[in-house]
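Okay, here we've got a single chain as structure tokens, the form predicted alone, with questions on binding and movement later.
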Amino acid sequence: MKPAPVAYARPTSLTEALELLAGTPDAKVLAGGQSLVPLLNMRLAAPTLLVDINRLPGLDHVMAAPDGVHVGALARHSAVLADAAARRTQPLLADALSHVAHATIRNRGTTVGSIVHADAAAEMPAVLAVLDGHVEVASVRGRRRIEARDLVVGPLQSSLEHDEVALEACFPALDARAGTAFTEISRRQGDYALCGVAAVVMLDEDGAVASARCGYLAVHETPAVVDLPALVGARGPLGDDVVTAASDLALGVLDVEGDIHGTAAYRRHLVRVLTARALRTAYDDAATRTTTRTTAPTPTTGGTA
């Protein structure tokens, strides 16, 4: 099957792009196209206009700053994954990106495009949500910021208006006492996950868990984030009783669904297994980072008397 006839525009300025979107209510934005083009080919989407933003300047940046990693709308997955400063600032971003599809798709697909596509089985929406990130968007009416918790409103539905373009996604920097982990299970490498878990664990000054949360993909109709107070006060190695309590809490919140790829019962089992795995890895990561930071030698200054 091929897409229905559609008009195509390739603006060279943001102003031009926003005016095109404002003038055509059913227009779609084309960036990497790795999610949109298959929908067009299957005629699950049939806009009358495609607005290709690939010629817009200044949107392909990957910038690591003290507050976090800022990813522009045209930054490809592969560019974000390869950025060493971004990996140091927020390691969860690269850990999750390494699970996204295949290298060929990562070379073309955009991180921001994946986020606003709002697929519950995709890695990037869950990562942005568990980190409490946000997206900056623009329209002819001006610019606004959408928090991750307000971004996905339903299956494949974001809170962007039809005339808005997502300009940048912002992933907060990892706290000095925190650790992260990402894990997922799929039938084949590169397939959509049957279940995925992104974990963030924060330690207090004594090395006990101060907070823990997990983001889930492919088990709920939208990316889901669950805070896990059952871990607070725990110390490593995390025992079975602690991670089991955390998994039970997550399952009590998640409305786990089955499909042709995996039953609800199987996905609930994966939630238990992957929650335990991710929490233990994130705790160990936090403990290692804290130990490294506190035992690092104090720099000395040279000079002559």
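Keep in mind the model is a prediction, meaning the values are calculated, not measured. In case it trips you up, residue 1 is the first one in the sequence shown, and so on.
Below, we refer to the form predicted in complex with a small molecule, which is not included among the displayed structures.
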Contact residue in the model of the complex, chosen from 63, 36, 245, 254 - any heavy atom within 4.5 Å of the small molecule
36
State the residue from 185, 210, 173, 160 whose non-hydrogen atoms include one within 4.5 Å of the small molecule in the model of the complex.
160
What I'd like checked is whether 262, 269 and 274 together line the small molecule in the model of the complex, meaning each has a non-hydrogen atom within 4.5 Å of it.
no
Only one of these stretches, 201-209, 225-233, 70-78, 174-182, has heavy atoms within 4.5 Å of the small molecule in the model of the complex; which one is it?
70-78
is_contact(residue 196, the small molecule) in the model of the complex, heavy atom dist at most 4.5 Å:
no
Residue 87: touches the small molecule in the model of the complex, heavy atom cutoff 4.5 angstroms:
no
Classify residue 113 as contacting or not contacting the small molecule in the model of the complex by the rule of any non-hydrogen atom within 4.5 angstroms, answering yes or no.
yes
Under a 4.5 Å heavy atom criterion, is residue 109 part of the interface with the small molecule in the model of the complex?
yes
